[in-house]
Structure formats: structure tokens, C-alpha cells
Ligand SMILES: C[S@@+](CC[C@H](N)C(=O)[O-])C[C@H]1O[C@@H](n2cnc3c(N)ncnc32)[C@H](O)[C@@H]1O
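The chain below stands alone and is given in C-alpha cells; this is the form predicted on its own.
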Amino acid sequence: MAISDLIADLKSRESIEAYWDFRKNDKREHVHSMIKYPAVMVPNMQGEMFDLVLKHDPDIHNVLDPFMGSGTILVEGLARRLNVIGIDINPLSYLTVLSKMQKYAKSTLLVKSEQLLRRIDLLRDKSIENFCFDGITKWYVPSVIQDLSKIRICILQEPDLKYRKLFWVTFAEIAKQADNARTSTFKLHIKLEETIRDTDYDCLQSFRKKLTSNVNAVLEFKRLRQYETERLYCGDARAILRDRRRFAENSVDLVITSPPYGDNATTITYGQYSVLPLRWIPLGDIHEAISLETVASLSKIDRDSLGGINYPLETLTQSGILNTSSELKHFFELLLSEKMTEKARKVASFILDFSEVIKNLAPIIKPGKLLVFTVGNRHVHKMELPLHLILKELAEYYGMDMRYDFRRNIIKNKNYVDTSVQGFKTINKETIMILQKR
């Protein structure tokens, strides 16, 4: 691995003003556009990073993203003939990425899609029994419940699970767009009553349009990708990465990822964003191991994610995490001095969980190979949490060295959600960190 040559290439691009911002080159093409998902990566930016790493280390055959989200890294990896491995605790992420990765027969996909749309058309003017779950009438108006119930029953009539999964991803997008939650936040806050009353969303027409778009996206990606292998896991990255039946030591050539920047409840509530669409979908269609408990409450997925458990001070002290990172210890003590004990615990609890991921990544990445992290520094009690410096210390503790880092501006496009409306200071910059296993 010619790390010095890679760094020289990165520096040459940094000399071009706003090069890594990809301000006019952030289009989401083919399956990247399949579904809206919180805080997605910029495909072309990550693609550029892929190309630079592969240029200086052609001996790369697989790439791992332990926080795969909507699958940007894995899609870009497949487009470059790499075997891809992805993990996410969110069932909607797993369903989305699996649908993007699956191999579809063009003729079968077109026929099954048209059959589904015909079944829906036959029900358009008929009345059927509504699907129901706790809270459905709060989050959906009656006409939307009826239309989504029609689409749902028609999808269930598709016998092939592979194609049904693709239909569910399309359905999830419509179910999300049609709910009564505010679009100004990823958290589930109900819209104003007059806004709900004045909204007229045509689920059936929107589903038809979105399915057509998704089928075209899949077929376009089918022409681009090489059919390498994919391994996807729905679950906690901490446990999955330490399972040697799944990940042998020194088996991963490259890690590219963007981890959460803090616990979901105080950063991006991926679980709350996803839970309403998931309540419509039979969870067994996504993965046999997903239980109904996952979507029983609005916050379950977020509680199960990194930092979801707020550990007692005694646990945090005994874990040794405050001694592993001096940057974390300093920030933790600042919060305690401001009488912000709960916030101090939340920050340290997230880092403790995050450190477990770093610890479990270390043995499975091959010596000399790279880990590329895109991270953002959120604000806690009006102070910036230096996550990039904490990550550097955690990486060094577990046998990896920080070789280079650089900043990029986060461009606020049409899909951007301003987290300031949730009371959080917006993160405007990201740090891309190049780590190397010793």
C-alpha cells in the first residue's frame, strides 16, 4: 500500500477549492435514488475516494461498511467489482440495501411489476378492510390508510420473496411520504392539524410512479455492476463483527464507513424515521430473525443502537473508556463541571459502544490495509464534541494509525433536514479520516 502516494493525491485535490464538497456533483443515480434515507453519503464523493484507494492499492477484493445505512458504499463497491459486506441494526436499512443488491431477471421484474400495478388498479375503486396497528389513525388519515392497505394486500399476493422485497422498499417510501409526521425533523412529531387537513396525498399514483422509477433504477444498475458477492447482516455491528464464524481474522481488505456521530436520540433518529413504514411490512419478509418487538415502540431501534443505553457513571469509569481517550475524558469532565451529568453520561456511553466497534474491526482488517471514516463533530451543551480526535485515539489504542485527514463542507441539498429545529446545532463540516492497520 503506497500510503504516501495516496496522501499526495489527496493533497492535490484539496488544493482545488471546495473539491470534496461535490457541490454540483451530488446527483443520486440508479439505485442510489431508490428511497430517501437520513443523512446519506454523497455517492460521487465516496466513489472518488474508492478510486483513489484502489489506484494505490489494487490488491483489494472486498469492502466492509459496518454502518451501511442506505448502502451508498456497497453500491459504489459493487460498481468497482468488489465483494461487499454490510451491517446495520435498522431493518429498513437492511431491506433497502438487500433490494439494491439482489440480482433480478429483467423480463421477470417487468412482468411482476406490471402485474402488481394491475392488481392495485383493480382495487382502486373498491373498499377493503383496512390494515391496522397501534397508533395508525394518529399517523395516517383514513384515505391514506385505505390506499396503503390496498397496496399492501396486492404486494402480499406476490409469491416470490425477492421481488416482494423490492416492492416493500417502494411501499416504505410511499408510507413515509404519506404519514402525518413533520418533514422538518427525523423525529416523529405530528404535523399541525390544519396542515394534515389540507394535505391530499395520492398513494396509489405515487406508488405507481415510484415503482416505475425503482424498476428503471434497478435495471440501470444491473448494466453497471459486476456480479460480485454480497454479505449483508441485520443486527448490532458490535456483536456481528466479533463473531468469527462470520468474520475471520485478517479477512477484510478495506473499510469505508460513516458511523453515527452520537446516540440516535440526540443526533439522527434513524429508528423513528423508519418505524412507521416498518409497521406496515411483515417483518419476516425482511429477515426471519426480526421480532415484532423491534417496531412495538417508536424508539426501540434507536435504543438498541450505539449509545442507546445510558450507562451509570460507575460503569463508565470502570470500563476504562475515559483513560483510552484523553479527548473524551476532557470533554466528559467539562460537562460534569457544568453540572451536565446526564449529557456527560450520554456522550461517554456512545463512545464506549463505538469503541467496541473499533475494537472488533481491528482483528478482521488485514495488516497494512486502510479504514476510511467520514465523521462529523456534533455539539453538546454548546460545545463541539471532537469525535474525529476521539476516533484517532481509539484507533491508535487498537492498533491502527491515523495517516491523513481532511475536511469537506456538507452541502444542504433538497433532501437536507436542518437539525436545528430539533434543538441541535447543525453540523456543517465532515472530517474524512484515513486510518491504517499496523
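All values reported here derive from a predicted model rather than from experimental measurement. Note that residue numbering begins at 1 and tracks the sequence as displayed.
The form predicted in complex with the named molecule exists for this protein as well; it is not shown, and the discussion that follows is about that form.
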Single option in 235, 368, 135, 282 placed near the named molecule in the predicted complex, where near means a heavy atom within 4.5 Å: 235
The unique member of 383, 40, 411, 54 whose heavy atoms fall within 4.5 Å of the named molecule in the predicted complex: 40
Any non-hydrogen atom of residue 66 within 4.5 angstroms of the named molecule in the predicted complex: yes
is_contact(residue 258, the named molecule) in the predicted complex, heavy atom dist at most 4.5 Å: yes
Contact flag, residue 72 vs the named molecule in the predicted complex, heavy atom cut 4.5 Å: yes
4.5 Å heavy atom contact, residue 89 to the named molecule in the predicted complex: yes
Options 246-254, 286-294, 303-311, 329-337; stretch whose heavy atom lies within 4.5 Å of the named molecule in the predicted complex: 303-311
